[in-house]
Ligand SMILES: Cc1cc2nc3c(=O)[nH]c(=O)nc-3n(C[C@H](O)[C@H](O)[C@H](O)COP(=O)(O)OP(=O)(O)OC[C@H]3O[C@@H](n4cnc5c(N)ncnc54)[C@H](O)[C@@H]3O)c2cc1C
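Take a look at this one chain, the form predicted on its own, written out in structure tokens.
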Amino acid sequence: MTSEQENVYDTSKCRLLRTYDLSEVDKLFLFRFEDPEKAQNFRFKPGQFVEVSLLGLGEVPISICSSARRVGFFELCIRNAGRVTSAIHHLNPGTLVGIRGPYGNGFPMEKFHDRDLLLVAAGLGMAPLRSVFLYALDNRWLFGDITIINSAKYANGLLFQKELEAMKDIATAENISIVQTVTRDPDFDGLHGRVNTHFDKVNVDPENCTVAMCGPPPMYKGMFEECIERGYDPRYIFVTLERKMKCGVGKCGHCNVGTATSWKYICKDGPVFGYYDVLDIPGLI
């Protein structure tokens, strides 16, 4: 190690500016770097993540869910699912946390240009795909028709539901279709059923469309089959697999999967993978 900058475990101080309840267990956090130079120079790609650390408690990898064009600030959607995330949920605005990253490869957004876009999210999967969606909105002229399918078991688990509903009027004018559906909530006054049952509401051309999806592993097999049967090009199907990640830089080995000939670290080689990666690497999903 020759300089402080090369220490992959270095953190930068970030101040929590605001929290917003998204569900009973999910909150949206807005952070700003304390160092103005760091704030000015921080860049990320949709699909990348940061490590959030609390002194004395540990750290967790969290995908960035805000617009990549916004400079100086970033947002994280964090689920209260463990010791560190529970502590983060109890932080008050003004608190400082440690941030390192961004890490991972992110979605190859340049490869998405000049094509239609289909985003499929289930549960917490809406968090990283929100960043992809905002990228497409910020660069609307680079994309064709867009559909986003946001799903959850229950209505109170539909992340960013109000935000997406508020966009619907302008989305229609911009050839953007927003579909929100639940699978187990009889009281929801909206669409019901799994994401693949709503493909008739998708407004994209399968042969010229890029698919990005994020959700629980059982969702992927059904979605892959649905997409292939409908003529989507498997070279343009991507998933983000934020499973088992811990250190974020491929040092701890917690997220390594595959065999001797197809060894991958989800944190370093992913978390975004293509359709053929999923087929070739055992244990990826």
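When you see a residue number, it is the position in the sequence shown, counting from 1. Because the structure is predicted, anything quoted here is derived from the model rather than measured.
Missing here is the form predicted in complex with the ligand; even so, the following discussion is about that form.
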Heavy atom of Arg79 within 4.5 Å of the ligand in the predicted bound form: yes
Could you tell me if Arg83 has a non-hydrogen atom within 4.5 Å of the ligand in the predicted bound form? yes
Check whether Ile62 has any heavy atom within 4.5 Å of a heavy atom of the ligand in the predicted bound form, and answer yes or no. yes
Using a 4.5 angstroms cut-off on non-hydrogen atoms, would Lys38 count as touching the ligand in the predicted bound form? no
Identify, from the list Ile176, Leu124, Met213, Val204, the residue with a heavy atom within 4.5 Å of the ligand in the predicted bound form. Leu124
Among 38-46, 217-225, 66-74, 244-252, which stretch has residues whose heavy atoms lie within 4.5 Å of the ligand in the predicted bound form? 244-252
If you look in the predicted bound form, which residues in 252-273 sit within 4.5 Å of the ligand (heavy atoms)? Pro271
